[in-house]
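There is one chain below, alone, in structure tokens, taken in the form predicted alone.
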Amino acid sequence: MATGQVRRLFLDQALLPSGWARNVALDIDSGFIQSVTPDAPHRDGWERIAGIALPGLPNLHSHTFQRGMAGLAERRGPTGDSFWTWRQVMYRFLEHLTPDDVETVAAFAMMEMLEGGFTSLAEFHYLHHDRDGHAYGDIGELSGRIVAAAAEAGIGLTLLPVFYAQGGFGGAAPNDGQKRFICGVDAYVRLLESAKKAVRFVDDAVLGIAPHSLRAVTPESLHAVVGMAPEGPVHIHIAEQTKEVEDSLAWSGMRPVAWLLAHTPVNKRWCLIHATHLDEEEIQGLAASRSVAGLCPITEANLGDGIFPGVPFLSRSGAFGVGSDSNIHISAPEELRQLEYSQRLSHRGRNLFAEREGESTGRSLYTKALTGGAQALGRRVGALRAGSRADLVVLDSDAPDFAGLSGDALLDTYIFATGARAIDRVIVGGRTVVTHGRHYKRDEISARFAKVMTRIRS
């Protein structure tokens, strides 16, 4: 939204930090909410927004290029399939992608995120180099393409250029499939400088850092990279697979999360992606660190990662948010639904993310993911309050599933019944980007995506 542009909305009903409210006057200037007035009298000249207005959900973890390979790894191999065999499919897919392709696929994924109820994104971007592994003339060429895609789609962006230097624990050499990811500490400095210039072209964008994982760095390079960013988000993959835990134990005698907490100043700036396999001490330590557990339930299920210990983590007041990761299927409410259902399957109970009698599971999931997601992105999002970015998802109140419902029952129904098909309108930074469930550039972006996919898959 252009600097100085004013938009005044009159919301039929909205979820505010204080709870549900009707007749909410929302004053927006330069993309940010200036004032929120519930139970306001109708104001002439203000734009009425019919429906159920929610704060837009932050997507705290994505690799947008992987949207192009969705469905390509669902064929059984000669041996037991796992994350590690899926990774080989990903390496082969990367052999085809040009910079234009990366931008096209990213724009398509971001468009689907907006239509699916996400209004901001932390892009964990580790695809840096050309197909032969050599750096582009501008080492941040592909980071710039992510920024361009975000600008076109209209999604809020936290860009996380990834530091990826090793092929495994203990400084193992990278394999050929990783050649497009690899850079040393000096190259990473140049990458960050290029990315810093690129994000200036997107309103309110944030630049963070992302050591890929403990298996992709050494203790020395991890320390150096974290030192490059005295403020802003720090994201890292951690403990996604049992093999990762076993390899960490063999390397250091410690489990991955335990090692990280013992050797790195993990705090509110950090987001530990997946953190799937934790023992009791790690659950306590992660929650106490006040960092965010970045959960991607649909991808974690698709890859067979395992189930995050959500119930004990929640009991220790741990913070979490959700992301779309591999983008095999993009839907904010379905990520939350899958998160709750994984706990139900694990504990053979129901309503496990509701912490007290009578509490709405949907409300608890949504509000906690808003808070954790905003913290992980390092952006003023996740709430309809003065000072926050004006990011809204508006549900169609005339949807049959919402008939006769009010308050938290609407969120329960959105997450567990209607899903994203109930989304009518999406506003990001005060600008409408989705109307009647369709992104304003859906036809154009979809056509480009189809052309790229036809070439790659032929």
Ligand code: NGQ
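Numbering starts at 1 and follows the sequence shown. Computed from a predicted model, the values in this text were never measured in an experiment.
There is another form of this protein, the form predicted together with this ligand, and it is not shown here; the text below is about that form.
**Q** Identify whether this ligand in the model of the complex is within 4.5 Å of every residue in the set V206, K268 and R389, based on non-hydrogen atoms.
**A** Not one of the three qualifies.
**Q** 355 to 363, 198 to 206, 85 to 93, 131 to 139: which one contacts this ligand in the model of the complex at 4.5 Å, heavy atom to heavy atom?
**A** Stretch 85 to 93 is the one.
**Q** Test of understanding: in the model of the complex, would Q66 fall inside 4.5 Å of this ligand by heavy atoms?
**A** Yes, Q66 lies within 4.5 Å of this ligand in the model of the complex.
**Q** When the contact criterion is heavy atoms within 4.5 Å, does E240 count as touching this ligand in the model of the complex?
**A** So E240 counts as contacting this ligand.
**Q** Does at least one non-hydrogen atom of Y126 fall within 4.5 angstroms of this ligand in the model of the complex?
**A** Yes.
**Q** With the cut-off set at 4.5 Å between non-hydrogen atoms, does R215 touch this ligand in the model of the complex?
**A** Output for R215 is yes: heavy atoms within 4.5 Å of this ligand.
**Q** Heavy atom within 4.5 Å of this ligand in the model of the complex: which of L261, L97, L303, L314 fits that? Just give me the one.
**A** By the 4.5 Å heavy-atom cutoff, the listed residue in contact is L303.
**Q** Can you pick out, from D325, E112, E282, E335, the residue that has a heavy atom within 4.5 Å of this ligand in the model of the complex?
**A** Checking each option against this ligand in the model of the complex, the one that comes within 4.5 Å is D325.
**Q** Given a 4.5 Å distance limit between heavy atoms, list every residue of 261 to 275 close to this ligand in the model of the complex, or none if there are none.
**A** Going through 261 to 275 in order - heavy atoms within 4.5 Å of this ligand in the model of the complex - there is one hit, H274.
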